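Next up is one chain by itself, shown in structure tokens, the form predicted alone.
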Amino acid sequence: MALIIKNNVSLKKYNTFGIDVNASAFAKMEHIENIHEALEASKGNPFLILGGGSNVLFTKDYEGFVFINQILGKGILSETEDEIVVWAHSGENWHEFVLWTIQNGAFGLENLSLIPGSVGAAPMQNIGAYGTEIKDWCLKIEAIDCKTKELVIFNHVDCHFGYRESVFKNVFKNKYVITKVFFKLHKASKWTPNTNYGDIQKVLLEQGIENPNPKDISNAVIQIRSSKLPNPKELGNAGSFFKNPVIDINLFETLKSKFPQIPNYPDKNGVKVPAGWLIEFCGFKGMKSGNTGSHEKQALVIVNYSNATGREIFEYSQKIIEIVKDTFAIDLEREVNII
């Protein structure tokens, strides 16, 4: 089906914050051919491609083209005795894809269950949770060059994955459209459970599970995330709003002497400190400010309580950044893309 472009369309139901802004031009992409049509239609104008809209904050109307990626499809490319390579088109729902991999005996992504968004957005952000990141499993990515319209293959090393970063989020931002993502996963013979992060082990023990399988871990992660994070369909949010900062060892030692209870994790670049703890310590957990505020169960999540504007949420996040900076001398970085 050819691309159908509409004018002045509300994006409220296409972003998980539920921000009511308009796009000057709007269309849904359901086939690879639609990408070529979209690039041609938007030539010379700003354009934005949205998957699940789960990592974006609109602070104003979008003066350009917004394309919703609904290109679906997934399958098994190859397999050996120990490994299996699976693929998915970029418009596939991430959580549903994770469940599909488990059902098909492809293991490794179970710790990333219930993360909102699409398959295409996952490598852009290098999403991660409970000790696992996309970079641990991504084999390669197919993408269309926005200028030449040619298909380009990015192998794992080409993606330059970092903490919530990839080449698609910085150097090549808006220069490529991801169409398909390939993952090399483990079969049961090679798979080992990753239960050392967060409350996974605790939940499994509460359930009486001593030797968990991938489905058990997925269920545990779903239970944990559901208990801490609000459902965007019920309360607008974009999940974790800030990245966990990595600070140098000298600053950490100074902070530890002043705040002995500060949690920390080793990192190759220093020490990682949970942003949620910093924000909660500063008194933001459960705070309401106008139509926005911090979630009562997770300070890292900023929510839209009732018809908040993107600008209101942005200004609230700025207040958090400033107070955390004054308290800990740490600069928080937004994980959510501001538009």
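Residue numbers run from 1 along the displayed sequence. All figures in this text were calculated on a predicted structure; none of them were measured in a lab.
Although it is not shown, the form predicted together with a small molecule is what the next lines describe.
For F314, no non-hydrogen atom is located within 4.5 Å of the small molecule in the model of the complex, even though that partner is not displayed. The closest heavy atom approach of G276 to the small molecule in the model of the complex falls within 4.5 Å. Not displayed here, the small molecule is kept clear of P212 by more than 4.5 Å at the level of heavy atoms in the model of the complex. In the model of the complex, the small molecule sits within 4.5 Å of a heavy atom belonging to R225.
With the partner omitted here, the stretch from 122-130, 73-81, 98-106, 212-220 that lies within 4.5 Å of the small molecule by heavy atoms in the model of the complex is 122-130. This chain is drawn without the small molecule; in the model of the complex, the residue among F161, F183, F242, F154 with a heavy atom within 4.5 Å of it is F242. A single residue from the set S42, N34, Q298, T309 has any heavy atom within 4.5 angstroms of the small molecule in the model of the complex; that residue is Q298.
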